[in-house]
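Structure 1 and structure 2 below are the same protein chain in two forms, each given by itself as structure tokens.
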Structure 1
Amino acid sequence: MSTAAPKPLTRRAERTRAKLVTAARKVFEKHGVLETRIVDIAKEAGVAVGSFYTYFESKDELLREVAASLYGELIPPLPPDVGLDPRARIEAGNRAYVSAYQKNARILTLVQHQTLSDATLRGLYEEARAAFIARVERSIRRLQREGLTPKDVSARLAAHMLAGMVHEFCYTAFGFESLRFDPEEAISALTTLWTRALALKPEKKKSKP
């Protein structure tokens, strides 16, 4: 016997659900995941505790919703790259990731710690990581097609390594209060390391007609 599909939420219900997600993020950041209570989230959202269970079965399910929205922010669409040279394209990608991670560092660090004990959350993290690596791989393949970087290194392998470098830097630089790095200096350094690792050549200038 088939199960009926859930009914779409009304606009009011969508707003209430969104308020719970926003509130949860604030409370998780303030108290940590383990110490956060559903009553705290409901209070922050300005809804009754009973309303929480209309939209989420548990605190863990809500945390996964928060995580999914965060991972979406880490890999936003890049600005149009028409007219940008290869280094500028690389810098734009690094800037988008670093800026988003710095903005969300506290909650991202909390979520990453929870992936060790929550298989579903870990799956969301792995999907986001795979999406980031795939975008980097497409960029490297494009550079190879344009003759701007050698083809003697696997684009897939290089993407895993370079994406891992950016993520690990952000995790340690912005996830721990004892470390302090200037974001602009970090973006510049990451971009320089990328261009050197890829043996990036200057963009070929188009000849004038």
Structure 2
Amino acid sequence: MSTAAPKPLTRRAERTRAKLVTAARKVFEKHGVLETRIVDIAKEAGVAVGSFYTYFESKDELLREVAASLYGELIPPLPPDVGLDPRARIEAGNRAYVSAYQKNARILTLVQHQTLSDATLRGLYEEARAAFIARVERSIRRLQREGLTPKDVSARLAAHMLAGMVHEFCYTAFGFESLRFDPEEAISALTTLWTRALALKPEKKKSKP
């Protein structure tokens, strides 16, 4: 919303910038965001500290960029294949989320933490979260329209809560050493709970008399 000047970078500049982002992600992941000093990022990227400021105004700005890309990966465009029955769609969504989270669990958690001290960052997170929830909400609303799920719980609330359940599960399961689960079992459980929570009726067979 404010990314300002598009500024076409030269080839070299592009490369340096990219090196910095990659390096930052690596170092953040290894040592934590707060613990990471600009020097560390620069060193990892193999450039001078000064160069950092050629591309970013501050550590926070860089962090935001990293966060944006992470959140992008978290909620993949959407399950591309249609026609699946509700439970299958839900499972696909859960599986996608869990896998994506797992892949970047540590850094996701770390970034999440900066959320509090940086309003912009929080905005980014809320945005990503909202996008995910919106999709869920839309899906629930459709089910309600089709009479497959009751309307006693508002689609918005339900979406919030169910999406939250999945997110929180990932956060703790991947963030705390002590909570390890078999991913498949977890996905299945999440899906079952979710499906039942919506009191999903078996899809009306469109078919065969």
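Note that the rigid core is defined as the largest set of C-alphas that superpose within 1.5 Å between two forms. Just so we're on the same page, residue numbers count up from 1 along structure 1's sequence. All figures in this text were calculated on a predicted structure; none of them were measured in a lab.
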{"property": "Of structures 1 and 2, the form predicted in complex with the DNA", "result": "2"}
{"property": "Residue shift check between structure 1 and structure 2, rigid core fit, residue 28 Cα at least 2 Å", "result": "no"}
{"property": "Threshold 2 Å Cα movement between structure 1 and structure 2 for residue 46, core superposed", "result": "yes"}
{"property": "Residue 147 C-alpha relocation of at least 2 Å between structure 1 and structure 2, rigid core basis", "result": "yes"}
{"property": "Core-aligned Cα shift of residue 19 between structure 1 and structure 2, given in Å", "result": "2.8"}
